[in-house]
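Before any questions on binding or motion, here is one chain by itself as structure tokens, the form predicted on its own.
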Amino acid sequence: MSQLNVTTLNQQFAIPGQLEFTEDVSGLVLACIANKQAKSTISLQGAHVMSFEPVGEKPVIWLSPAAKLAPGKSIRGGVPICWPWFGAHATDSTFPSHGFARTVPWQVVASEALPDGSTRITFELPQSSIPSAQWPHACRVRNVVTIGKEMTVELITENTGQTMFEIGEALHTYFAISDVDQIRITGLEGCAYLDKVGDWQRKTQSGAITIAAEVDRLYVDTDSDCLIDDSGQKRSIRIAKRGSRSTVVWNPWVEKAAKMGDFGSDTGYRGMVCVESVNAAENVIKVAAGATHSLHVTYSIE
């Protein structure tokens, strides 16, 4: 794709002092944002936010030190986009888990220096990146990322066809934390969840979430903000979402992380937790012909 030519991208979309495009040794093209409020790196493969670090703060987003950057491979950490289904495909197990959007090239279609000092970049999923055998529906998909004192990510699905379609989706966000022992996650008290570790049994959350073993839970019928209270870093990370009715909390713990092979050291899993803004299970989204759905999340430090 000519869009992936770094020179062309810089001519069309670079913002002096805020945004430039580079090519990683792996061949992936990266959008590098550094303004007076924060810095961030985003891969054009998957429109995948790899880092977000406000000025004067430690990183908010976790990227595995052993993440494998390679064309067609998902990146361990950051903000992977799961689309147009979440988890395994409902009817065909040969289709990729969490959909194809996170491993295919996206195009940059706009960039903007905003009046408040933040930087916005808009990506679009080109038709050439959509495998028609897996997704035969007419649509337009964009990912709008704004980097400033806080980060917003908005995944927009527009149905440009004549018939309704159904999507599952997630911003599968990995957060950088001091240690799993030092955090508690609030905002999901009293919510029902499906416990993947417990054979998908339906349970109810009692109190704040703490992590002392593998956790993989899909909380349903919740649009609440979540707060990761990190006593080790003396800060909280707020996840404020719109257009999402499910939340996933995930940490693979020791054995699963070791099997994955791209978590870094034996203790890599201790420095991360995923709190994902999702539409899945009974909360999948029906997008009518001509309609648009937006999954919008703001990440901020308190």
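A quick note: this is a predicted structure, and the numbers were derived from the prediction, not measured. Note that residue numbering follows the sequence shown and begins at 1.
Just so you know, the form predicted in complex with 6-O-phosphono-beta-D-glucopyranose exists too; it's not on screen, but the next bit is about it.
Where does 6-O-phosphono-beta-D-glucopyranose sit in the predicted bound form: which of 232 to 240, 247 to 255, 65 to 73, 50 to 58, heavy atoms within 4.5 Å?
It is the stretch 247 to 255.
Does any heavy atom of Glu124 come within 4.5 Å of a heavy atom of 6-O-phosphono-beta-D-glucopyranose in the predicted bound form?
No, no contact at 4.5 Å.
Although 6-O-phosphono-beta-D-glucopyranose is absent from this view, report whether Arg184 comes within 4.5 Å of it in the predicted bound form, heavy atoms only.
No.
Using heavy atoms and a 4.5 Å limit, would one call Tyr193 a contact residue for 6-O-phosphono-beta-D-glucopyranose in the predicted bound form?
Close contact is absent here: in the predicted bound form, Tyr193 is far from 6-O-phosphono-beta-D-glucopyranose, nothing within 4.5 Å, heavy atoms only.
Give a yes/no on whether Cys32 approaches 6-O-phosphono-beta-D-glucopyranose to within 4.5 Å in the predicted bound form, heavy atoms considered.
Contact with 6-O-phosphono-beta-D-glucopyranose, no.
Just give me the single entry in Ser97, Thr160, Thr210, Ser178 that has a non-hydrogen atom within 4.5 angstroms of 6-O-phosphono-beta-D-glucopyranose in the predicted bound form.
In short, Ser97.
For the heavy atom contacts within 4.5 Å of 6-O-phosphono-beta-D-glucopyranose in the predicted bound form, list the residues of 203 to 220 involved, in sequence order.
Heavy-atom contacts to 6-O-phosphono-beta-D-glucopyranose in the predicted bound form: only Asp216.
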